[in-house]
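This document starts with one chain, in the form predicted alone, laid out as structure tokens.
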Amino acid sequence: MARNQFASKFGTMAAIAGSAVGLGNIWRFPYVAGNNGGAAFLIIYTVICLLISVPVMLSEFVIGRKGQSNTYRSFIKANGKKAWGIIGGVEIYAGLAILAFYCVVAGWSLEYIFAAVTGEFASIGGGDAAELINARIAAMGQRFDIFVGQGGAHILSIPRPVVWTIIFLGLNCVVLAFGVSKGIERCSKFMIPALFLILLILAIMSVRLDGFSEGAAFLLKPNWDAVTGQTIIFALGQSFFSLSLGMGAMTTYGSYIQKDQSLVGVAFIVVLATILMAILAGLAIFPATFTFGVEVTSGPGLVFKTLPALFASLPGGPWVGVVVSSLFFILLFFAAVTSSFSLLEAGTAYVTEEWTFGGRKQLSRPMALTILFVLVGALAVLCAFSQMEGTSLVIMGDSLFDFIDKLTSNIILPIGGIAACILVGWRMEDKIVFNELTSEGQFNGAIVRFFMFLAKWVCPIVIFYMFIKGLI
């Protein structure tokens, strides 16, 4: 049976870029960049992406395309040792755990799309008054806290965060049921250009705001005095997580890349697209925060509390608030869903290729997705409940949601990245790696040798340092 593949080069890059451009790029990257030197951080981040993250991504691509299997099986095929399959298996399950809490946050975006299109964040006029802005931010903060902590209104007595979480996961399963090319690739070819267009529209609209110059300077003006050793750690962690490394996603997607496509070219384009979209997100968000004189924060505090209040304060009439808020939360949904595709696909490939029914045959794709919907959905629901007031879903002082986030980000992902580099740099034959990276000599060999050197000698050391810092 022939292996699934992406059908086109553009579709390949759209799907992989979709995996990389997630919620963290929209709300966290611009804030971290602005508070760590602006353009200075962008330069450091770009260098780290090219010298650390790209070699790791290429290592995972090589393992996947050579193995032509799910991450677990590809790790075994790369060296012929079953022990390496443990690393691949851990990556898959870590990716599914990440997907569980990711679905919760993505579900919030669905809630806010509904609120935006119904006019809840529409302009009411008089939005330049500081008292009114602060009142709206307080009201939006209370709205979010009630929504997340108590569920607000209920559907069949189920808290709304849980409902949206299940809906989001269900949408993923429906898309993936159509397969790699007709499902993931087709949606990504639409959503990634749409995501870029929405960001561009919002950034252009922000030019008219009084705080545009200040907001742009916060993100783009280099301030080397703000750069510290911690800045480099931030840049490394942001790069590694945002590019979906160490979680089985890129290894699985690598197995779908056609043999005549340049792995190096794909990696470069994905990294550049990720950086560009993060910059556009900052240009779309920060001018409003500086215009209305509110604190620039990261995470849910900015996206679900502050920004809705600012959308309701934009000048130009009620339609402005409706349009801008709707576009923004649709943007969040697109970023979330394209990232979640890769995590669910890594698990789907594993279940269809490794699990059997009655020991006689592989599971069908619909059956695998049904199983994952139940398993991941159950964990996602627990993650949603762990955010609510009075929950007992606490592990080592953290909610289940935060515990999974820390465990995967600080421990499993770095270990997966180190393992991929060691496997490609030290355990696979150099000739095999070289042939995969050059597509049997079709592409430049000099730059490939440079990245092979980085994967072998530089990346494991740097990532190990990040791993140790994550444990401290």
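Small disclaimer: the values here were computed from a predicted structure and weren't measured. Sequential numbering from 1, following the sequence displayed.
The form predicted in complex with a small molecule exists for this protein as well; it is not shown, and the discussion that follows is about that form.
- With the partner omitted from this view, the residue of Ile463, Ala20, Ala14, Ala455 that lies near the small molecule in the predicted complex is Ala20 [heavy atom within 4.5 Å].
- Though the small molecule is absent from this view, in the predicted complex it lies within 4.5 Å of a heavy atom of just one residue from Ser244, Ser74, Ser188, Asn172, which is Ser244.
- Heavy atoms within 4.5 Å of the small molecule in the predicted complex map, among the stretches 78 to 86, 235 to 243, 209 to 217, 193 to 201, onto 235 to 243 alone.
- Contact between Leu343 and the small molecule in the predicted complex is found at the 4.5 Å heavy atom cutoff.
- Contact check for Cys103: every heavy atom lies farther than 4.5 Å from the small molecule in the predicted complex.
- In the predicted complex, none of the heavy atoms of Thr306 sits within 4.5 Å of a heavy atom of the small molecule.
- Contact check for Ser339: a non-hydrogen atom falls within 4.5 Å of the small molecule in the predicted complex.
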